[in-house]
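First, one chain by itself in structure tokens, the form predicted on its own.
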């Protein structure tokens, strides 16, 4: 029997995802047509012996989250529950706090997945490795180039046994080109080191403050407090993957993840990809169109386009490398490139909405997305264009490399600006 835990974080996280995370919790943002964490749940549900999926985070269990959980339970015929932390507890604190729920029914092992990663989730391969040689911690790793590895948790492994000898989270100098994917398989005894960290935190705090138990003792950082401390002690092993993998930290990385998932649909969900039909829009490459969307036959879509529920696409529209969210309208002959069009937004006739892609270097197979900040030397860096919820763009204007906050009605063109 197996379980899976998906760590979804909380509203104080995902600030780089604004303004998109204003409307919907980041884990429910649609990537390639379905909520981000549905990709995780689909992968977990396909593992034989999966009994339960637990979501752990600090979000209020509001209507969108509750509705998503109910729909997912019905679709996958699995118990899927949300466990809300009493305070943000870090990547390991929630696992320790809800240890009884995770270990109920005595699972042989449980997967732990971070919500903000895009992957083909080789969970069955990880399970095979674990069953062949059980250890408390099995990490999924992939390779990165020397420069980008500094932005991730770096793993030094024994090439013969794949034991993790050394683990450093975001090192200041080069340590290893193997990075942590944020996808793990833990055996039940993996919770013992978490207990040790919790008790040590409480002791440290009691020495400083004799007023009793400290609520912050529950905060456990899996990477720094557990992996770094236990590396080289025969408890942590790594399984390397050469499949797709990317972090989803910013809106630009969501667009890149959408491309990866759409290409993955060729193998996993060909029914989700739009086909070119006589009298229908022209489809180029991988395109997802929600069944309720209305798309004019003269529109040209793709590659890497995702069109949400109730969207209206007018005659002569050109859409490429973009996500159009629920209820948006693109009027006749608009051109939308490298952009995300927010919920219920309207783009006027002959308007052009364009961004600049920040994709990994295509000539380097080990390159990943750079999750750079929005600004450099006080200037806004060129990036994808984002229209927040219910933005109105007038006819015949250009919106280039800009971020428009929700409920704005623009009257002219903008370039390289954040419109507050």
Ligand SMILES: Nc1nc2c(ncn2[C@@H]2O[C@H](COP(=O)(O)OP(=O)(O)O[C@H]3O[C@H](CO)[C@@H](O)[C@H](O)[C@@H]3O)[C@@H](O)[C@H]2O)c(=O)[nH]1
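Positions refer to the first chain, counted from 1. Every value quoted in this text rests on a predicted model; they were computed, and no experiment measured them.
From this point on, the text means the form predicted together with the named molecule, which you will not see here.
When you look in the model of the complex, the only residue of 170, 166, 195, 282 with a non-hydrogen atom within 4.5 Å of the named molecule is 170.
In terms of contact with the named molecule in the model of the complex, the residue from 126, 117, 72, 260 that brings a heavy atom within 4.5 Å is 117. With the partner left out here, the named molecule still marks one of 150-158, 232-240, 314-322, 262-270 in the model of the complex; by a 4.5 Å heavy atom cut-off that stretch is 150-158. Interface residue remark: residue 181 is counted as part of the site for the named molecule in the model of the complex, having a heavy atom within 4.5 Å. Contact between residue 7 and the named molecule in the model of the complex is found at the 4.5 Å heavy atom cutoff.
In the model of the complex, at least one heavy atom of residue 57 sits within 4.5 Å of the named molecule.
Shown alone here, residue 88 lies within 4.5 Å of the named molecule in the model of the complex, counting heavy atoms only.
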